[in-house]
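Presented below, as structure tokens, is a lone chain in the form predicted on its own.
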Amino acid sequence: MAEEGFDVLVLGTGAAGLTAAIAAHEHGAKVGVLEKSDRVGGTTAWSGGMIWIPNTPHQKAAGRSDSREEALTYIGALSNGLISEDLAAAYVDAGPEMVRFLEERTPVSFYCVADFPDYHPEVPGGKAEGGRTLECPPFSYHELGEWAARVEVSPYFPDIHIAIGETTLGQPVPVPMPPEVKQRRIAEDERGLGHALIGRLLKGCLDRGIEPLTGHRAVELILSNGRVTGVRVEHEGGERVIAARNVVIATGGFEWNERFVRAFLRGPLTHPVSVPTNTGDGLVMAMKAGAMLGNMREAWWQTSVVVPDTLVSTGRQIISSARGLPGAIIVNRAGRRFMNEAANYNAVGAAMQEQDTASGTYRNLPCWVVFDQRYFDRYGFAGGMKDGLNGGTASAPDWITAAETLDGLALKLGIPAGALDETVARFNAHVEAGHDADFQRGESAHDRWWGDPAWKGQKRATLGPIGPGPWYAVEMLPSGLGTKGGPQTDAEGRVMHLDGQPIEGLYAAGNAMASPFGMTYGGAGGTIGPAMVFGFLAGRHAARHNARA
């Protein structure tokens, strides 16, 4: 028998779930929130915390122009015809409304990371000058009381007292943080990045008496006459059924479910960099309820390398800007470049999925980041890990493959003799000519922004020669920030049945829904932006639907 329940029950405590909970409450619903883990925040708490929302007042206040038409043109230009025009329009229209709603009613506030370019800025409607990426200022976790210790902690951002907009990635000219500011933030436990966003959203829930129930895994939707009436939940003490007139699935993707990854994705995703609780629970529940699925082949692709767990607790490190710095290239097992190394991580991850139809294998797996001694001395690798002497030549740790010659490095990697020498010579000739004729590295504003901050905005921030040895290589692995497939929804976040009608009382948002962005990634914050927008739409509609029922 079901317990006395809720008007709206939200499953998951990432940005999508917490936004849905606040929206539902503010529109009159009695709201509950369940979390599978013993910590809240999901992958959002592990992230940089940015959101990609076009055409906001923040963008205009920063002197950046935008319009509904430009945003829709940009999204459409990237879509390959696979993006629903209705969902794209709902996203662009509701994004500024969601931002305003949270800023007016909760501790959430945003500012524009004004110069951060879109990920495909040269595409029609793209913004090379930036403006669509927003983030929250740091937030004091003293305001969360005991909940401060119950938020997920990212292994990839060891310094949580800073915002992306304050780093070399978010600034046109790097400006060091004053020591007194850093000391104050530590003393006040003012956290930036994903913690700033999650902390503010969590405080918004707690202020409304909405306390997430952790350690509760939703495993089955209870339906009666085709509509949702509750959820069966597993917890430490056993299981229970919680009654709910409406359920919002915001449980994340399925990237940690090896069976689902093999069944659905278009290529391997062997090293996810999200929270390990993303095993597809919401997907299972939706499928059992008869949901129509969509976008199941896609993920928010990323790249990583394996490192000792003494360096990163997960034993892997995300590789985003490091692969596009001067003095590095990426090669496949033939020793050939196959991509623009400085492209956005979603595009680079997708390039690793290319199939060799003759052999039935992935043409670009395995692949390696190859870099020279000057690169290693200047940047280190995978977080700056190196062992130099007072600015002298650094020596590589054992987990990095090294050789005194390019042929020697090729031999260790199993690359044909001479191939690596030829590739380096060709690339260096492109660098000397000032143009990468093969993959246009450095032509995009995106490439020039993510490169060496000393030359931010210039082609040489990424386009630099492979110099003298010794040379180094680290295998780059197919990773993902999350999957992008799940139940299809309408523009209100309602889950659609196989028969084309909404399943009464069922909603989805975030990586638990079929992404409205298809195979694309618009810009920094392109995962969390739609998660929050459709969480907002789902929570609002569920509350209004409940009131009419």
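Owing to the predicted nature of the structure, the values given are computational and were not obtained by experimental measurement. The first residue of the sequence shown is number 1, and the count goes up from there.
A second form of this protein, the form predicted together with a small molecule, is not displayed here; the remarks below concern that form.
Participant: Please identify the residue among S444, T462, T303, N278 with any heavy atom within 4.5 Å of the small molecule in the model of the complex.
Facilitator: Looking at S444, T462, T303, N278 one by one, just N278 meets the 4.5 Å heavy-atom criterion.
Participant: Which residue, L481, A514, L506, V31, has a heavy atom that falls within 4.5 Å of the small molecule in the model of the complex?
Facilitator: When the small molecule is considered in the model of the complex, the option within 4.5 Å is L481.
Participant: Looking at 209 to 217, 180 to 188, 420 to 428, 466 to 474, which lies within 4.5 angstroms of the small molecule in the model of the complex, counting heavy atoms?
Facilitator: After filtering at 4.5 Å, what remains is 209 to 217.
Participant: Does H58 reach the small molecule in the model of the complex, with heavy atoms at most 4.5 Å apart?
Facilitator: No - in the model of the complex, heavy atoms of H58 and the small molecule never come within 4.5 Å of each other.
Participant: Would L537 sit within 4.5 Å of the small molecule in the model of the complex, counting heavy atoms only?
Facilitator: L537 lies outside the contact set for the small molecule.
Participant: Does at least one non-hydrogen atom of G522 fall within 4.5 angstroms of the small molecule in the model of the complex?
Facilitator: Outside the cut-off, so no.
Participant: I'd like to check something about Y156: if you look in the model of the complex, is any of its heavy atoms closer than or equal to 4.5 Å to a heavy atom of the small molecule?
Facilitator: So Y156 counts as contacting the small molecule.
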